[in-house]
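Encoded as structure tokens, the following chain is the form predicted on its own, with no partner shown.
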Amino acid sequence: MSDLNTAMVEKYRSNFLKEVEANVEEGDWVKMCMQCGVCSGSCPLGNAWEHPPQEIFMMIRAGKRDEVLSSSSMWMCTSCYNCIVRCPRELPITHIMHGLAHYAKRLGLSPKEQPTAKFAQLFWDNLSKDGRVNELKLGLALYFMNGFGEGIKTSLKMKDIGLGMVKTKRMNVMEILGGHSVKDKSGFHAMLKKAAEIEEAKIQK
């Protein structure tokens, strides 16, 4: 158990709901779930979840801390927002699931299998460099994220679509050399650094 996780356990003891409310984005909404199951029924990946959202919320209220934070469920969310749109109580379910995943990662409790983690990290690395997404570099990174051989196969499979995008000027191959960035890149990086400091300070409280 990591030092941070131990500190959190000591701080909140058996009140996992209180811990979630204090440390997870929109976590204070968890207690509003009425267990109707519309969220899991609306999810395109609903049948693949280890624990659907309403079950995760029930487990939080039941104090099942380890089971929730080590679950792969939060990492299944692809941010389609169907659950939020259809929730009778308008719970920000997508935000909560991502918040739980982020919190579990901070505590060192996230599972080894994280279905969306690779994409999320590649997207963040791409965006945080220049303040804007370089779609060509991101696409190539996604093609090759599971190895060189797999990347070549995917690239060849998608070559006609890629050429079509270049011809219609929907993709600029020169972006591989750099691409657009925000005007004040140093200010953008300073903002990210400050946000990280604020989050770290919140953890240490």
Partner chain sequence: MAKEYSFYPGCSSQDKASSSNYLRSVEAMCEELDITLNHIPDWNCCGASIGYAGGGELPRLALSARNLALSEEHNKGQDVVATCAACWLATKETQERLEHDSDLMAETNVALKEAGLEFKNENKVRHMVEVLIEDFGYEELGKHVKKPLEGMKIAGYVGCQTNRPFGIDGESFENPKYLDKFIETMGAEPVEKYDKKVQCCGGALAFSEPEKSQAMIKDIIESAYDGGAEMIVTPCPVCQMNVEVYQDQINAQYGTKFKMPVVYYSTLMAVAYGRNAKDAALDGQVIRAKRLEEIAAK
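Residue numbers count along the first chain shown, from 1. Heads up, when I say rigid core I mean the largest set of C-alphas that superpose within 1.5 Å between the two forms. What you see is a predicted model; the values in this text were computed from it and never measured.
The form predicted in complex with its partner chain is left out here; the points below concern that form.
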For this session: Check whether Phe188 has any heavy atom within 4.5 Å of a heavy atom of its partner chain in the predicted bound form, and answer yes or no.
Result: yes
Problem set entry | Residue contact check: Glu21 to its partner chain in the predicted bound form, 4.5 Å heavy atom | no
Exercise. Using heavy atoms and a 4.5 Å limit, would one call Gly131 a contact residue for its partner chain in the predicted bound form?
Worked result: yes
Exercise. Using 4.5 Å between non-hydrogen atoms, is Leu192 touching its partner chain in the predicted bound form?
Worked result: yes
Problem set entry | its partner chain in the predicted bound form reached by all of Glu135, Thr168 and His180, non-hydrogen atom within 4.5 Å | yes
Exercise. Across 73 to 89, which residues bring a heavy atom to within 4.5 Å of its partner chain in the predicted bound form?
Worked result: Met74, Trp75, Met76, Cys77, Thr78, Ser79, Cys80, Tyr81, Asn82, Ile84, Val85, Arg86
Exercise. C-alpha of Asn126: shift of 2 angstroms or more between the shown form and the other one, rigid core aligned?
Worked result: yes
For this session: Taking the rigid core as the superposition reference, indicate whether the CA of Val182 shifts 2 angstroms or more between the shown form and the other one.
Result: yes
For this session: Verify the C-alpha shift of Ser70 between the shown form and the other one: is it 2 Å or more after superposing the core?
Result: no
